[in-house]
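Consider the single chain below, provided in structure tokens and representing the form predicted on its own.
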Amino acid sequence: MTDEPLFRELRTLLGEDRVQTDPSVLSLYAQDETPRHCRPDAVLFPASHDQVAGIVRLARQAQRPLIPRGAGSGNVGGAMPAPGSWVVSFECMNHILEFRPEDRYMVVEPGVVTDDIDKLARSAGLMYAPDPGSGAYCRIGGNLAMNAAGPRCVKYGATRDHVLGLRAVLGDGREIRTGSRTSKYATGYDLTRLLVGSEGTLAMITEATLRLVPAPEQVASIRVCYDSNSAACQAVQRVMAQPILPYALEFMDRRSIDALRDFGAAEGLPARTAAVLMVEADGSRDEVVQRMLALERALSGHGMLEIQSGFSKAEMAHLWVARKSLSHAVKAIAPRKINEDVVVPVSCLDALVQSIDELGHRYRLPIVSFGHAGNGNLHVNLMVHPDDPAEMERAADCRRALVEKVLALGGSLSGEHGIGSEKRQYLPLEFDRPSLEFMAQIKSLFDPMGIMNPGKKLPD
């Protein structure tokens, strides 16, 4: 084989077991949560920063694309291999390198499971605030790549807001360190925020210094049922216009409630329920009581059918049953979902939800929307049958119409899932040509040979 000397070098660098070319292993890493797949030429498992740097050096020498991968739990094709590529899996770089609760930071490798970071932080009365729904199995490296978020983002911000500094290897083989370990930093250009959310197209992150915040003494939940989507969206605007920021503010639309009823998971919801908000408050015990009262006042209004609060773990779990059942209920509608995580200004949320209903009727597709209403970020799920070409063609037209509507409302293509390979064709609708050209120049500066996660983030 012409590549045999190259693979000998890789095995010398990483060890025999950490260079995999067995077809069964390659198939396991041929896709993420998107339906497409492409088998790589190798899967590599580095265990240190120096090994990552060595992989980049050899890849440049061989002109091989490198595909960084965490848990492969993304749904926009961010970890999709390219033809002839090497997948670089960070599963073996899974160590917490430093924990300094007195300075409220933690240094981690990219393969650490996200929830494990939060668990360790909470042992010292702190928390790692970003809480993606896949936190029990996703890796922090993937969160950094996509600027992941979650329900707590409405109050605490996304991943980018909790990264103090990074260590990374650029596409040209150079190592850089960005940011610092201090909570204030005003030196140099902010390369940290540039790399977070760059989807592995500029560099491979090998260490991250994460900012931690005090964990709340208590969290309490509110479930509010409304007779229409519009009534729920108007309540969201009222909540976000008053001084108390919720710990979470989640929305389920009419289609979501229909799916729950069909699935037998809508028990306890009033018969006329057409939309639900799940809201949480955090703080000390005394603060939570006052904040819950303020949130309940804002949530009350036209179209409200019922409001229930829960302060104990059992009460909160009962209120969240319907929301926790939604993913399974949605899967029962059709075998595949096309998931868009669009975001608009909160004041435009009602208009967006109405437009989604109209698109469902126009393109004859069931569309289920739910998500982080406090940020105007909805997961819009087009439920389709992949073996129906006509339906898939309507879905493609519907996706573009949705994107155009979101942008017309002053929104953006993605709130937390990223762009990957699945959405990059829409970027010219959001960005003007000079902006896209400048992004391409940045890509070329960091990765002159174009080997870092090609076919992602930017259009051709």
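Computed from a predicted model, the values in this text were never measured in an experiment. Residue indices: 1-based, along the sequence shown.
Keep in mind that the form predicted together with another copy of the chain is not shown, yet the notes after this line are about it.
Checked against another copy of the chain in the predicted bound form, the residues 308, 123, 183, 312 give one hit for a heavy atom within 4.5 Å, which is 183.
For the candidate set 104, 337, 261, 318, a heavy atom within 4.5 Å of another copy of the chain in the predicted bound form is found for exactly one residue, namely 104. Segments offered: 361-369, 324-332, 340-348, 273-281. Contacting another copy of the chain in the predicted bound form at heavy atom distances within 4.5 Å is 340-348. Contact annotation for residue 431: at least one heavy atom lies within 4.5 Å of another copy of the chain in the predicted bound form. Of the heavy atoms in residue 74, none are within 4.5 Å of another copy of the chain in the predicted bound form. Although the partner is absent here, residue 418 sits close enough that one of its heavy atoms falls within 4.5 Å of another copy of the chain in the predicted bound form.
Although the partner is absent here, residue 176 is a contact residue: one of its heavy atoms lies within 4.5 angstroms of another copy of the chain in the predicted bound form. Three-residue candidate spot 27, 132 and 224; no residue lies within 4.5 angstroms of another copy of the chain in the predicted bound form by any non-hydrogen atom.
Contact annotation for 377-410: residues with any non-hydrogen atom within 4.5 angstroms of another copy of the chain in the predicted bound form are 377, 410, listed in sequence order.
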